[in-house]
Ligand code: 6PG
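Taking the form predicted alone, here's one chain by itself in structure tokens.
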Amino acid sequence: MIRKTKAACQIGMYGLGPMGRSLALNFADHGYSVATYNITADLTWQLMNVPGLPSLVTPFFNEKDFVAGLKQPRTVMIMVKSGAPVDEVLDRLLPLLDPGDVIIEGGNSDFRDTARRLRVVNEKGVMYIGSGVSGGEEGARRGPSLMPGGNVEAWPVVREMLQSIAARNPKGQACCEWIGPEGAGHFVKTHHNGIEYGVMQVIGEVCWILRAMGMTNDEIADAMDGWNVRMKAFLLEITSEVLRARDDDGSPLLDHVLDVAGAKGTGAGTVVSALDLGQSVNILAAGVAARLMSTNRKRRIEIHELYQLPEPKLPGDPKEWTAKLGQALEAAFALAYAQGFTTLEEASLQYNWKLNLPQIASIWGGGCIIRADILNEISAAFVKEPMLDTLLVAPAFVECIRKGVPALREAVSAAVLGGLPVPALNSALSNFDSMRSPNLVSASVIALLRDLFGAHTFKRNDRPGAFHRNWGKV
């Protein structure tokens, strides 16, 4: 039986997949009446069969009743797959909405699509918010990190609701604040995911190094737990959990998992948007490329059988290496987060978004996947110096990276010599070595090559101006 509402609902949830369903229940837990709708009725029925479904949740089976069941001005949150499905939902919803209503789009949309949709929606007088939602299904249910941006006039309408369901960081602050105009919210969420790609790849490579030294999954988990006493990183915490997981027969689950890692596109979006801004994010790009490489399993097997090389086995005392890899891991984390925040800072300047970087670090301090103690250092660094050009010059980062780079260099060298691929760790080291180099000889060579084959000119280090050499061409 369909429930009848006694009063109009305070928010509508359009899209009842795992994230939409979890957010709807989260809103209800915090005392908000929620109208729910899904374009296919099966997910609506699944929601209705949730044990102990709160009375504040009201399912609807057609869009007109769904919209009519909302208190005016209406607030509708869309949780559908990014891309064309969002535009299709807007085409269906807009004729039913009135000026002053608010749409919140909570998927992983490209920030440029969000800005375009905002303009279209505004033509009807409806306000638009593109909000990043981080934390996965569990975060959405118990407290996500939220990154809303778009029409700032809509923020007072939804602020209390969104902040009430958000996670709290270690200081007790809501992990939800206004990010900026246009597609700023979705841009920040995309780059959160890009950092996630890089950091997860770093963690995976460290696990592989320790496995290649003969350590068991449980021993590696113990190492993760030891490092996490200092780092307090959610991804290290759950890595320990998956390393200890057992299959039905009691054997390690990890040993039965196919070596193919999926992706949904936000990592690639991070790399593309960073390059558009003239920023190098090679650590994050390595994480994206490694996942793509993993999907080519048939090709990898063919090459393995052709070359018949031994499986990587690294020499050394695992206990000694555990201490070193903890330092290397911490330095690689710092370098990955620094790349992400440098791109956010550049986007803020080029797009005139005026992003509050300390606040973003604070928002990511709870609920989200990349929450870690390093975010406290990032927030403090930008509070102390708002126009900080790079986190690599912040004292806490200098200390961490200076301490960890020797171990990182040893780890990368040992892995390369042993034939073990470590693209993210190698990228972190290359990033640091490039950033600390006052003379990039490779760049000088490339500048002359470009001038020779394309007359692109080059700059000199002994006098100003642009120069072109006559290379003797007829």
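Sequential numbering from 1, following the sequence displayed. Treat the numbers as computed from the prediction; the structure is a model and nothing was measured.
The same protein has a further form, the form predicted in complex with the named molecule, not shown here; the description that follows concerns it.
- The shortest heavy atom separation between residue 263 and the named molecule in the predicted complex is within 4.5 Å.
- Among residues of the shown chain, residue 133 is one whose heavy atoms approach the named molecule to within 4.5 Å in the predicted complex.
- In the predicted complex, the named molecule lies farther than 4.5 Å from every heavy atom of residue 101.
- The named molecule is not drawn, but in the predicted complex it has a heavy atom within 4.5 Å of residue 189.
- Using a 4.5 Å cut-off to the named molecule in the predicted complex, each of 108, 193 and 291 places a heavy atom inside that distance.
- A single residue from the set 314, 396, 161, 369 has any heavy atom within 4.5 angstroms of the named molecule in the predicted complex; that residue is 369.
- Residues with any non-hydrogen atom within 4.5 angstroms of the named molecule in the predicted complex fall in just one of 264-272, 165-173, 236-244, 178-186: 264-272.
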